[in-house]
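The chain that follows stands alone, in the form predicted on its own, written as structure tokens.
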Amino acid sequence: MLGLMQSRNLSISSLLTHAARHHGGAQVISRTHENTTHRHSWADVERRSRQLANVLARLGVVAGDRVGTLAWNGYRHLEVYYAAPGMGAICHTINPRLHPDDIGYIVNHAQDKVLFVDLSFVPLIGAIAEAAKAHVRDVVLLCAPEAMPEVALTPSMRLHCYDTLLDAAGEDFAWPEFDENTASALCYTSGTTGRPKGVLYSHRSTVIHAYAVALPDVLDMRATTRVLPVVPMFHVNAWGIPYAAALTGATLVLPGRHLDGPSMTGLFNEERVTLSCGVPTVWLGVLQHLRSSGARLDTVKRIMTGGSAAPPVLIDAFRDEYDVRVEHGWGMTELSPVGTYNAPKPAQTGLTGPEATRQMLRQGRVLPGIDMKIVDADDNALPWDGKAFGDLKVRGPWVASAYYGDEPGSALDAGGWFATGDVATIDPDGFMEITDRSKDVIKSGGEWISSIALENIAVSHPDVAEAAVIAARHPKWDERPLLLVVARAGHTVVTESVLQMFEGKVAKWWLPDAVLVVPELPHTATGKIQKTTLRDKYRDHYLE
């Protein structure tokens, strides 16, 4: 027997219309490309998003088309976030920190029809224009007409000014209704080996995720919250905050491209921010500025950190010196992205000092709706005793079942579980802690670096016989790539020439910080390089 309740499809546009109707006066505040402050309301966002939906339709965008963005956190980008999925298209946020070759690949793989581009990425769009011309027909610069620059595009591409298009568009657009499982957004993860892979979210998964992250034991978002996502909107939808803010009517502060310590501290205090979210690297920069300048955080009470493990000094300093709680979360692109959050249970509320820090170093408890387990090499479930560690698997309504372009369910095991690639322990209270990664990618400042891609470049050097890249711990970036090479017989390796091999092939921040020439690399019985042995030996190289 089925229940006798109304059946309404969950949709991203319903989050926005709710914010406009019930929190219409709440502000959306943006720091612009020119470092000025732009203010409007949730009612303005909804109205302008309807105008933008009309613009997209005039550009030939139809349901299911991919609409790409290369943009920072700003009000125009937010309007694309809502307009594209609201009309039935797909908002594809592109990480501009990737190498142009990878960006060109991603744009083509997604078959983006339109690209919305911030002014700071104009050189980048010029660099990938030739590679992207197969599908991209329109490039829209997110600026006013007086700021329009010259851009080198291909003859098949049309260049537009965002504000000009929007000013000419009417507001007579009604958000359509469609199946809640319709695709809404697309993000590519570089946390896999080889080329980046796309994760395709649905309206249903996005709305449920927004409800979950807004819960009291997660971000505790409400109409009185003033939230600033430092995490970029091109990084897994800014951890769902643009949607959760509309859901709760929170004031949303978008920081733009200036994410240094002084800029962030000033914005926090000027806009009375109470909650912020970002990777540890950002918070280390803020902490350094606070200590060197003597400044304080007037209103910030809580910081969510994720993307990589937070060093204990970060948790201790913000708590003891500035009365700000640093709270760990964990997730991945395939989880929309938040899967766990470190909120205390009654047993943890009384912890202080080192005990409290040690507890907060854990990645936390699952959000309601997510299930997790740890398994051994034979896929047997391991106990939650805080001692046993195994491969972490998850499942839930906002967990990917396949990568974009693959068969549905192809990313899951026979029981419907998604293997995260992380190795973890879970204690009796359900707090999960990542102890290692089964993949050999490196996580630097919250961003993934592929060790295989770097190794393939290194071994192309004429003097290098074999190469291995491992993650070595770093005091600022959490991890940085360390390259170990073996010289060819009769050859001498000059480390500077090896590093030169990477120029123009990968993003600069991917470059290994050091190259070590070693006599040999350890191998398994099947001939594979034993990276666990290398990590044990060299993981503290940058700390030493």
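These numbers come from a predicted model, not from an experiment. When you see a residue number, it is the position in the sequence shown, counting from 1.
Below, we turn to the form predicted together with a small molecule, even though it does not appear here.
- This chain is drawn without the small molecule; in the predicted bound form, the residue among 395, 443, 302, 235 with a heavy atom within 4.5 Å of it is 235.
- A single residue from the set 359, 281, 308, 274 has any heavy atom within 4.5 angstroms of the small molecule in the predicted bound form; that residue is 308.
- Residues of just one listed stretch (345 to 353, 417 to 425, 130 to 138, 467 to 475) have heavy atoms within 4.5 Å of the small molecule in the predicted bound form: 417 to 425.
- By the criterion of a heavy atom within 4.5 Å, residue 227 is excluded from the residues contacting the small molecule in the predicted bound form.
- Using a 4.5 Å cutoff between non-hydrogen atoms, residue 334 counts as a contact of the small molecule in the predicted bound form.
- Within this chain, residue 190 lines the site of the small molecule in the predicted bound form, having a heavy atom no more than 4.5 Å away.
- The closest heavy atom approach of residue 318 to the small molecule in the predicted bound form falls outside 4.5 Å.
- A shift of at least 3 angstroms pushes the Cα atoms of residue 451 and residue 106 further from each other in the predicted bound form than in the displayed structure.
- In comparison with the shown form, the Cα-Cα distance of residue 308 and residue 453 decreases by at least 3 angstroms in the predicted bound form.
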